[in-house]
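Before any questions on how it binds or moves, here is one chain, the form predicted alone, in structure tokens.
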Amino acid sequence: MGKYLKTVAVAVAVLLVCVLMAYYMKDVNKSATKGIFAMDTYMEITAYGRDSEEAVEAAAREIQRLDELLSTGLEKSEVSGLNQNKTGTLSADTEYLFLRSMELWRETEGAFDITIYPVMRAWGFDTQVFRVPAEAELQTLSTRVDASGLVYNEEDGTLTLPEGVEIDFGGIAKGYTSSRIARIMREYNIRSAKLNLGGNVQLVGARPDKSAWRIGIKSPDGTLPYLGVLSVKDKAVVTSGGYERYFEEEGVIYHHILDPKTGRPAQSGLVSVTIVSADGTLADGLSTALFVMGKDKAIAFWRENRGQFDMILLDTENRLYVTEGIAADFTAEGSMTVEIIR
């Protein structure tokens, strides 16, 4: 009788383990996806896990909140208020973005500058009503592009803008938003998620099967499906290129990545820049700044800060450059050759 009861106990234990494993697998494989239009782009959030539906809903609310706070296109946003009133007390999110933006401005020697907004508006990149500003207009506007004129009072948290100066966090806001959403995912115990914020990709953990995510790096001219595919886990992957937003006038193409020093579309010899980093805010800001700086300065900057990010550069000669930290995880498409940066 004792032997029989022992056998039954073992069988019950095995059954219980099987039930728990089935429940766990169901838990892991459950997923939810939500699309949202914000920050002038379409975003898609996909999460895997028991609370995936609640997580993507919370993410959507956070995107909406930050859009309403940071958008220059919304009259009641905090940033619009700063631009109109020339002074204001910064909220926690805006203070963080301001301080990170100033840090990037210093480190990139002005290649990243949030005071570029009046020049962006002159070109029509904010409204999509495009025009080529006259040289005299650009010269006047360019005198206002200088983040050194921004005055921040740490004691009361107020920011003051000089007359004629306006700011825009468009070059860093999506990266910060993706980092915020990644934090929300972890608060809901989501260990696998893909956050695509209009080309800003933030990955939470690995795929549900524990394998690396495979992220295609867009081909600017469309001759290839992708420049290549990057295998990556738990990182942000952000690409900036002149092919994303541009207009053509009298046979000349003008893209939206402006050089703060000239007020014109950057002519740096680069076609696209992809930044890979655990810090989505940094990845977003650097993808723009290094595009403006050009290949040689971008490589020098990486060598000074190689522990913080990796990058993929495509130049106008159709040559690819990949930093050694991700070289083994990147597969180029077609016959493209890759030079590894060390």
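In case it trips you up, residue 1 is the first one in the sequence shown, and so on. None of the values given here were measured: they were computed from a predicted structure.
Below: the form predicted in complex with adenosine-5'-diphosphate (ADP), not depicted.
In the predicted complex, adenosine-5'-diphosphate (ADP) stays beyond 4.5 Å of every heavy atom belonging to residue 312. Taking the partner from the other structure, adenosine-5'-diphosphate (ADP) in the predicted complex has no heavy atom within 4.5 Å of any heavy atom of residue 233. The closest heavy atom approach of residue 195 to adenosine-5'-diphosphate (ADP) in the predicted complex falls outside 4.5 Å.
Among heavy atoms of residue 112, some come within 4.5 Å of adenosine-5'-diphosphate (ADP) in the predicted complex. Residues placing heavy atoms within 4.5 Å of adenosine-5'-diphosphate (ADP) in the predicted complex fall in a single listed stretch, namely 240-248, out of 240-248, 85-93, 215-223, 202-210. This chain is displayed alone, yet in the predicted complex one of 258, 97, 190, 227 has a heavy atom within 4.5 Å of adenosine-5'-diphosphate (ADP); that residue is 258. A heavy atom within 4.5 Å of adenosine-5'-diphosphate (ADP) in the predicted complex is found for one listed residue only; from 102, 120, 141, 161, this is 120. Residues from 268-305 that approach adenosine-5'-diphosphate (ADP) in the predicted complex with a non-hydrogen atom closer than or equal to 4.5 Å are 284, 287, 288, 292, in the order they occur in the chain.
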